[in-house]
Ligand code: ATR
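What follows is one chain in structure tokens, specifically the form predicted on its own.
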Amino acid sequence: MTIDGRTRVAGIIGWPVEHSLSPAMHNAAFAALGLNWIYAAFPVDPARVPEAVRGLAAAGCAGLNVTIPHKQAVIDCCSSVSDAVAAIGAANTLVPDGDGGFRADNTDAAGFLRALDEQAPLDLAGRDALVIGAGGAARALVFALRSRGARVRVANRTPARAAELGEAVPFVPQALETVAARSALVVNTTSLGLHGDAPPPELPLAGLGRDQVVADIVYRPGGTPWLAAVGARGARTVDGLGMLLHQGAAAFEQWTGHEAPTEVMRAALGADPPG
């Protein structure tokens, strides 16, 4: 494609953001539909989030994704919020409001549920779910799981943050293993597992096995070592690429007004097809 004066620019802000696969996914989608758009990654220091959001809006940015650690900080920078953001308290998608600013939305919750339904369908009504972490993504997942009727417990290094989202679980191995063993679904929303070749010792493993679903929103081609380890114990697994795909597709459709070419986006991520 040729970048010219009519090219629309979208992107993602985070800190760090260099590892993001969103540029590859969205640029493949723009190319597939013949749209004169580009998508870039913007590393934004946490101390400069408000001025970055205002500056990108003023420059005519056509849409933004938001990743760690800015999902809560961006809310106060927006002219309005969706019902999902109001309920979750975190945003991952910013859409131009038509008046020089952005409105905030959250597509993480729906994206996670779509990935779960594709990779490991599970009836959560009345069943226990353990969410590890209490950041912006965790807030979205707690909202999503409760919408399916799950009883949600949350483990975080800072107990007060866990208690804001659900029944707090001590972030110590014995407590995590005990609660994980009786949970139908266990989800890691922390960055543990982003690097390294072995399952992080902080995450539960011994208590996990058959008749359970384990998800990791950390995305690495082929899955994380933790997911591989729990999969070897018989659990069904959901990798972070599925959530990344479906939250991104929802954002794409809001920005462009076009149906997202999800299979093109899936291929750009190197994700396996459903089923």
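Residue positions are given as counts along the sequence shown, with the first one as 1. Computed from a predicted structure; not experimentally measured.
What follows is about the form predicted together with the ligand, which we do not show.
Although the partner is absent here, Val95 sits far enough away that none of its heavy atoms falls within 4.5 Å of the ligand in the model of the complex. Contact check for Thr189: a heavy atom falls within 4.5 Å of the ligand in the model of the complex. With a 4.5 Å cutoff on heavy atoms, Thr107 does not count as touching the ligand in the model of the complex; it lies far away. When contacts are judged by a 4.5 Å heavy atom cut-off, Ser79 does not count as touching the ligand in the model of the complex. With the partner left out here, the ligand still marks one of 173-181, 144-152, 127-135, 109-117 in the model of the complex; by a 4.5 Å heavy atom cut-off that stretch is 127-135.
Taken together, the three residues Ile68, Thr158 and Arg161 all come within 4.5 Å of the ligand in the model of the complex, as judged by their closest heavy atom.
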